[in-house]
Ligand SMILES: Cc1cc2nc3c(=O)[nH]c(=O)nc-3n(C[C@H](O)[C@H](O)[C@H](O)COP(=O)(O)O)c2cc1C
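Shown below, as structure tokens, is a lone chain in the form predicted alone; questions about how it binds or moves come after it.
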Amino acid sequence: MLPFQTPLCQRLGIAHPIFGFSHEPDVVVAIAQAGGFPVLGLARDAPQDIPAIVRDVEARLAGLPYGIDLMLPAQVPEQADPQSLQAALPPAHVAFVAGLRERFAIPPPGKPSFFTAHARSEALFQAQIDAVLNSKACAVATAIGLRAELIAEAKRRGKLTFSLIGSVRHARKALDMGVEVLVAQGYDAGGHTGTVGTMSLLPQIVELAQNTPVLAAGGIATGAQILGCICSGAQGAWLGTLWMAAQENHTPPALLDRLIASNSEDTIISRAHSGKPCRVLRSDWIDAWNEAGAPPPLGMPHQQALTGDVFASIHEHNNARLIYEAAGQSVFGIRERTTVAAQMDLLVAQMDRAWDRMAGWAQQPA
């Protein structure tokens, strides 16, 4: 088995150039134990819950390196809560969603969640940032939004700074702020993403970054793709969607069935989830926002205030017709329920086979 170790791998002390993003602590621990670099997404967690989550993860990692990812969009209120936002929602939007609740027989969620109990605001972001900076994570990543103060303070505390970027313009801004690793996230990616495909974006970011390490993200589901990204100048690949098939992710059965049955074409860019363009897995709920007569989704954080209880309910009740999640075009790589260890082994084996194939072609006589 060939050791595909890039300089960034050596700096972080990981065996494979595989960077795995997940909201699920069990996935994060398993990726680290399999030799990758896990990134724990905490954008969906209340600030007061983050210290306990981090303590548990760090105890189980037993010193293995990991990172934390936050989402810090601009143009949100200084202070906000779901009740105040809901009181200000346009009546037409409220009526539309009420009609969908009745049409799809959606019950209210039976327990609170981030999507029903919190609203994205500067106060929430700052509290999340404070909790993350107090962790032992060796890296901090931002998925949306660049905060110069966060970058400077994270570096002061010895944490490597990552930024997911979707354009050359965003990359320049990140470099100017001192970001140390750029994640070139293409249009193929799940979640909030830009308009340029991964294989077009990556070489532009590598050229701009010069000596700054670059990772590739978006639509990556195989080891051959990871190797291809490294051949294009990346020092590794950032994968997210693939881990939702692992048993460690505790994916609701209806969502797992939808993921297994889906192709790349079954993911679409929609503002219906968060108010910002977000690649998600299609369902009847997402499609309803594209029907004739549907209002345009509200901006962030008002769309979450409008529909957060629906997202919570369809997951809580395992609603096979409506359930969806942020997912990239790499969903083609999900074909069965598996484990993180098996996924990592397969990715590394695929890298080996791709390397052998290239070596064989290179040795063929003209």
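Residue numbers run from 1 along the displayed sequence. Bear in mind that the values here come from a model prediction, so they are computed numbers and not experimental data.
Below, we refer to the form predicted together with this ligand, which is not included among the displayed structures.
In summary, among the residues 229, 214, 179, 143, the only one with a non-hydrogen atom within 4.5 Å of this ligand in the predicted complex is 143. Every residue in the set 218, 238 and 325 has a non-hydrogen atom no more than 4.5 Å from this ligand in the predicted complex. Stretch 219-227 is the contacting one of 97-105, 129-137, 219-227, 150-158, since its residues have non-hydrogen atoms within 4.5 Å of this ligand in the predicted complex.
Of the heavy atoms in residue 188, some are within 4.5 Å of this ligand in the predicted complex. Among residues of the shown chain, residue 335 is not one whose heavy atoms approach this ligand to within 4.5 Å in the predicted complex.
In the predicted complex, none of the heavy atoms of residue 307 sits within 4.5 Å of a heavy atom of this ligand. Proximity of residue 43 to this ligand in the predicted complex falls within the 4.5 Å heavy atom cutoff.
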